[in-house]
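As a starting point, one isolated chain is supplied in structure tokens, in the form predicted alone.
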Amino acid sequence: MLRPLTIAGGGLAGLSLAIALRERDVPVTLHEAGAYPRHRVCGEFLSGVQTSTLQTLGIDMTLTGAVPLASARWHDPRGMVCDMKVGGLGLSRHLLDDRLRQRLVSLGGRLVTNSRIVPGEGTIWAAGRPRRPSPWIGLKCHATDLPLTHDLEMFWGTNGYLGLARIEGDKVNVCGLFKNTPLPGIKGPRLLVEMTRLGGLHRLAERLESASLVEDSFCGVAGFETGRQPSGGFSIGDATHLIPPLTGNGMSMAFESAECALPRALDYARGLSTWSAAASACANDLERRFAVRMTAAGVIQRILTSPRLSRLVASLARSGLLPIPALLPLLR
């Protein structure tokens, strides 16, 4: 007999761990505060995850039809900074989350939507970032009729940064992290455009205004800080480590987090470990796996969100003295 497990939170980490547990016959109930399908603030660029991780979790087939992304260009308010090669996939969370949901249900997992629960023994916490005072706001919107020069375009301005990434259906995901400056009377996709303009990225704002921004795809999130999160118990995903979105590694880390948690959750389900021992071992595993990239990402974000330092970095990159592509391995 296997002990049943409960998962709080139906994002990438929670869904993929639930699927992996069901593939190993563990009884699983997943509680999700919202419903499916829905849009989430996310770069929708999957980069750095190993095929073996997806196969271990039993979710590799859910990425069918994702758009291969191979080229990227960085910009600042003065224009192009540098080009680089990337390796990744573009796929909307609206589609991916729903595919994962369907897979969980097909494996016999119990899914309860519009439901919130509290932590306790046997409950793995994957309910996302804890709410914390923060100067940041995340905004996201899909666009059509938005030509790109590269598969991924990254921009940093004086108030934050944002990225454009190709996703399925000839759409572009526009997602940014901005200093939360009040703009009274402005909401929806227009808020994303005006935040872009406020950061000095005027040409990009004009491009967004010329495109068709999909109103019902717009969403925002506030009250969070990137970095290590003040979580406790058996926690995974953004509840433990929220990497700055400029890295493009957030979706990958959600899957890697589920992979780290899987053997510890199985030990508890099989009666080989106490709950506290499993939770502690998972926390240690996650820290070992993510320590370098979290530290590097934190340093890079502080530089790129400092107007003075970001200008220096852009000047060095334009002159070839700072090879930005060489930093990528630190973030994977």
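We number the residues from 1 along the sequence you see. Keep in mind that this is a model prediction, so the values were computed, not measured.
As for the form predicted together with a small molecule, it is not shown, yet the points below apply to it.
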{"property": "Option from 296-304, 261-269, 37-45, 279-287 whose residues, in the predicted complex, bring a heavy atom within 4.5 Å of the small molecule", "result": "37-45"}
{"property": "is_contact(K85, the small molecule) in the predicted complex, heavy atom dist at most 4.5 Å", "result": "no"}
{"property": "The small molecule contact in the predicted complex: S92, any heavy atom under 4.5 Å", "result": "no"}
{"property": "Partner proximity in the predicted complex: A127 to the small molecule, non-hydrogen atom cutoff 4.5 Å", "result": "yes"}
{"property": "A8: touches the small molecule in the predicted complex, heavy atom cutoff 4.5 angstroms", "result": "yes"}
{"property": "Non-hydrogen atom within 4.5 Å of the small molecule in the predicted complex for each of S115, C175 and G248", "result": "yes"}
